[in-house]
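Presented as structure tokens, the chain that follows is alone, the form predicted on its own.
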Amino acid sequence: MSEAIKVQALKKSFGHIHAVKGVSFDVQHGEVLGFLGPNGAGKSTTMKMITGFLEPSAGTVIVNGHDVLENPLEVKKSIGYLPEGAPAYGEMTVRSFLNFIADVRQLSGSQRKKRIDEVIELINIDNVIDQSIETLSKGYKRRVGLAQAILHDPNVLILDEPTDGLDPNQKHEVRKLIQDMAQDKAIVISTHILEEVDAVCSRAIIIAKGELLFNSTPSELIDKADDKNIDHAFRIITTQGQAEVLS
């Protein structure tokens, strides 16, 4: 596995609010990293800094050898990003939106059509392809958001709550897709569904109040709880809120 993302001493402040406080971690190609924490922990803020949507107050982010501040376009080319809420142009049909994303990603010729068709099948959105996005259910909007994130076949994926709003069958499909894509990609997923970490992630990070509390495998996370329950382990770590208790 090769290093895809390197985050060093990353900080972000909004006035007197310190959202991220010196977080450091790395992600390898072939790895799925689960990014966990309670609401307001700094997960989405960290993801936005990795993708270049927010500028860090301090620290560095390197993606595929490119510094996000010094070479932001190269970073964005190699990243697929599903942000919180999956924003899109509601008046567009799913087909026109994917064609718009293909333009943005500079896909052309036969490869463009081939890739759009592949993604429609992978994400299973053929039955809504000519509907306007504003008419879709929350689950289908999320799937369209995932489709745009993977359209250019990036080798780094940053997915903020990728299964939010999906029914159990859809969740299973997306988790299977993430596992399949992880063979040659570095994938970071933020999730509130702890069983998802055990199901698809090879490593887990927990942050709370902007600080890193845990960085290891899901099995080691479960070992932190006497009853071997991942929900219990998560509560122990975030309630104690001190990195040294994990030593």
Partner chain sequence: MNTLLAIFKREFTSYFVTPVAYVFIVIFLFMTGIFTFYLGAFYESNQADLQPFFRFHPWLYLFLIPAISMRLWSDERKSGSIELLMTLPVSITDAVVGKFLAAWLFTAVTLLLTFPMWITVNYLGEPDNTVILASYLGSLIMAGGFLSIGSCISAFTKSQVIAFVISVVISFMFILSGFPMVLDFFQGWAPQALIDAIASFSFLTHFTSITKGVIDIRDIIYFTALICFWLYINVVVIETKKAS
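Residue numbers count along the first chain shown, from 1. Note that the structure is predicted; figures quoted are calculated from it, not measured.
A second form of this protein, the form predicted in complex with the partner chain, is not displayed here; the remarks below concern that form.
*asked:* Would you classify Gly52 as touching the partner chain in the predicted bound form, given a 4.5 Å non-hydrogen atom cut-off?
replied: Taking the distances in the predicted bound form, the answer for Gly52 is yes, it comes within 4.5 Å of the partner chain.
Give a yes/no on whether Thr163 approaches the partner chain to within 4.5 Å in the predicted bound form, heavy atoms considered.
Outside the cut-off, so no.
* Quick one: is Gln106 in contact with the partner chain in the predicted bound form, heavy atoms, 4.5 Å cut-off? -> Gln106: yes, in contact with the partner chain in the predicted bound form.
Taking heavy atoms and a 4.5 Å cut-off, does Tyr140 contact the partner chain in the predicted bound form?
Because no heavy atom of Tyr140 falls inside 4.5 Å of the partner chain in the predicted bound form, the answer is no.
> If contact means any heavy atom within 4.5 Å, which of 22-30, 44-52, 184-192, 206-214 contacts the partner chain in the predicted bound form?
Replying inline: Partner-contacting stretch among the options: 44-52.
Next item on the list: Could you check which residue among Arg115, Lys76, Lys171, Arg95 gets a heavy atom within 4.5 Å of the partner chain in the predicted bound form?
Entry: Of the listed residues, the single hit is Lys76.
Task: Partner contacts for 67-95, taking the partner chain in the predicted bound form and a 4.5 Å heavy atom cut-off - done: Contacts from 67-95: Leu73, Lys76, Lys77, Tyr81, Pro83, Pro87, Ala88, Tyr89, Glu91, Met92.
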